[in-house]
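Let's start with one chain on its own, the form predicted on its own, as structure tokens.
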């Protein structure tokens, strides 16, 4: 069995191997780290989302470690096989098609099971499309929320629930989308968030034809009515902002009676006393005024 870099976790007393989460390039092969290359060459097995893509990467760097397939459709049963190998002492590297494993990726299942089985896990940092796009967007990077791929239009209810939640999301929003679904996503975002929200559309990240398009949601939807979407997209959507969210909520409760306002908070699981306190704070009035209104 190969010996890995001494900075990596040592074997446990029980003789378990280690799971290494290896970030691989999202486009430019020069972005791979020396530590990842050393680990891929030194482990006993590499679990890959698509063995064909990973084999090209390994061939380029003259690495000959055995490969096995681990993807969305076998993530549960294959994870058990990998856990057994790790418990027998094998070191395993997990890679995704591109970027950091377990981020919008079935690797999260294997990581969870390793922790439950007390198997050492370590992450070798490197390329990540969402962070790359966020830094390129020019939009607020201070607070953000990552949604990955939204459920498809065939799951209308869940897709609508998430889009409705994004309407009031005060932080910068990051989404992934495939080119053949981009137009539908832009149409749904305009309907849910409005067309004036600013957007950075990032495609072909780190590659020769890398592009960042900055426009409004409505502008992007109009542009792609005729332009053909090409490449994988990362959408970075302007933050609504906490002040704007507070103003929107203020407008909502101003249309309510005090009783409706209290009932709203009770419907969120608060008891009567706390609901009255929240309603009073929203309205900037003493709690006794809320109490009188309810009587």
Ligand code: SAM
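Just so we're clear, the structure is a prediction, and the values are computed from it rather than from any experiment. Numbering follows the first chain given and starts at 1.
Missing here is the form predicted in complex with this ligand; even so, the following discussion is about that form.
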Is residue 105 part of the interface with this ligand in the predicted bound form - any heavy atom within 4.5 Å? yes
In the predicted bound form, residue 137 touching this ligand (heavy atom, 4.5 Å): no
My question is simply whether residue 176 lines the interface with this ligand in the predicted bound form - judged by any non-hydrogen atom within 4.5 Å. yes
Interface membership of residue 100, this ligand in the predicted bound form, 4.5 Å heavy atom rule: yes
Within 4.5 Å, heavy atoms only, one stretch in 36-44, 227-235, 262-270, 59-67 touches this ligand in the predicted bound form. Which? 227-235
The one residue among 129, 200, 92, 220 placing a heavy atom within 4.5 Å of this ligand in the predicted bound form is 129
Position in contact with this ligand when the complex is considered in the predicted bound form, options 204, 147, 188, 169, heavy atoms within 4.5 Å: 204
Residues in 15-49 close to this ligand in the predicted bound form, defined by a heavy atom within 4.5 Å, in order: 26
